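A single chain, nothing else alongside it, follows as structure tokens in the form predicted alone.
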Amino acid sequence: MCRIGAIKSRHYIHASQALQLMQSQQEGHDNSGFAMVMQDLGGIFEGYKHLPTLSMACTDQGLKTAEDMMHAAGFQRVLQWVPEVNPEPGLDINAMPNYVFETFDYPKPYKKASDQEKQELLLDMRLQLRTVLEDDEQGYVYSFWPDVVTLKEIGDPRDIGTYFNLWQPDNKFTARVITAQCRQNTNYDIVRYAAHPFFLQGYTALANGENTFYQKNKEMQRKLHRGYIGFESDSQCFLYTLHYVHRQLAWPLPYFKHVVTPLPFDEIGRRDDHQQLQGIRQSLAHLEINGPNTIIGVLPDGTLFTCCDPKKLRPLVVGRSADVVVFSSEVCGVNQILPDRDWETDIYPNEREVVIIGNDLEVQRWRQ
């Protein structure tokens, strides 16, 4: 199985916390990769929350190509952070020549644009970069969004942390929300884009398990939105459905659960909202998922949530203190980050609920 985790904190925490969360679960994954998305950034990015940051790994030619494209589009770089790497002999990492995190100011015609217009611009720019850099594997563009950085790499998570000098905390590379996963794809080719978490327009999703309705999900999603591309992993479908339900349809988050794991028809018929739920089943049947899985998601406003399949075939535990909430595939992950918490308050989400953590760290349990 994969191992997934998330940390949401009142205060900024270093990326090393995500590595420690996943390292404690090493027995459950195969050391084939590590990836994380950091949102609500602190450190060197804290003063640029309103501006988009480009996260990518690339060759020298890919870097030149990307920078030329950004300049031609009118983006002006205001911050560049290139991590100092530690290429020790013997590290198990399939490293790219360059890892670049660059923050840009918007093109002049967009200075007074609406948020919606800016968001569409950022998506289109990322898609253009991805298309061009795919030639000869020049590079991989993971996110281009305000207040977000993404790192994905193939190899042993311990060595990845060593390579990027992430094991020692500092105040430069921090965030209030970090999602992470260890283990690469097991159903398809091992490529960087296939590594969880997946990100799209402020939405993040990662999963432990599989989606046996992948093919029908993919066939429908490809027609719904230009941003639903790649499909290197069956779990990308979870992100695209979350984005579609919550952003495109503007439905409240609990309806995501009704779309991906709808109630049986006999239960729907006994509910006051049976007409709405029947309509969802009829119109969005191809977005239903199947198979053993647990999903962690983050919304653009920083809300963190989790839900699982109707048979609860993949584990997850939620632990918390006054200032931190941790989601983890195994309780040892929570123990690593919050050893002194009140264990009696731990939550093991059931098959028919969504556990939601707001920015005040209040825990909501919504029953389907």
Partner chain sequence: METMKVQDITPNDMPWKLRYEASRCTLCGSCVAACSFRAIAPKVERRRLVWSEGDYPEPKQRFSAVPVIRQVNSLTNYCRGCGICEKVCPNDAIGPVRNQDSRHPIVTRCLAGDSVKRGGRKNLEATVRTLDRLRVGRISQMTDPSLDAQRHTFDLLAPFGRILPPGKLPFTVGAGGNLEVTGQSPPVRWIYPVIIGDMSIGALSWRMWEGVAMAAAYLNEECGLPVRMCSGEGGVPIKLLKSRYLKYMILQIASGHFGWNRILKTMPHMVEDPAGVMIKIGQGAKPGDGGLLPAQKVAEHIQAIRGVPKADLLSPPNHQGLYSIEESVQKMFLSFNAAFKFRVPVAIKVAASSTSVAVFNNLVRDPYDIVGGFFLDGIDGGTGAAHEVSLDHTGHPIVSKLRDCYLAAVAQGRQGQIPLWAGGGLGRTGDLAADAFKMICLGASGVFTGRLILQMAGCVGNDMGRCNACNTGLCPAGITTQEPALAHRLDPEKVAQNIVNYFLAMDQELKKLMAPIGNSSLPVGRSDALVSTDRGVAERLKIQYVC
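Positions refer to the first chain, counted from 1. Predicted model only: the values in this text are computed from it and were never measured.
Missing here is the form predicted together with the partner chain; even so, the following discussion is about that form.
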Quiz item: Even though the partner chain is not shown here, does it sit in the model of the complex so that A72, D105 and R192 each have a heavy atom within 4.5 Å?
Solution: no
Quiz item: Just to confirm, E210 within 4.5 Å of the partner chain in the model of the complex by heavy atoms?
Solution: yes
Quiz item: Is there a non-hydrogen atom of Q278 within 4.5 angstroms of a non-hydrogen atom of the partner chain in the model of the complex?
Solution: yes
Quiz item: Would A113 count as touching the partner chain in the model of the complex under a 4.5 Å heavy atom rule?
Solution: no
Self-check item: Residue contact check: L249 to the partner chain in the model of the complex, 4.5 Å heavy atom
Solution: yes
Exercise. Go through P109, P87, G230, P264 and name the one with a heavy atom inside 4.5 Å of the partner chain in the model of the complex.
Key: P264
Quiz prompt | Proximity to the partner chain in the model of the complex, single hit among K118, R176, H286, H225 (heavy atom within 4.5 Å) | solution = H286
Quiz item: Which single stretch, out of 137-145, 241-249, 89-97, 163-171, brings residue heavy atoms within 4.5 Å of the partner chain in the model of the complex?
Solution: 241-249
Quiz prompt | Members of 304-343 lying within 4.5 angstroms of the partner chain, judged by heavy atom, in the model of the complex | solution = K311, L313, R314
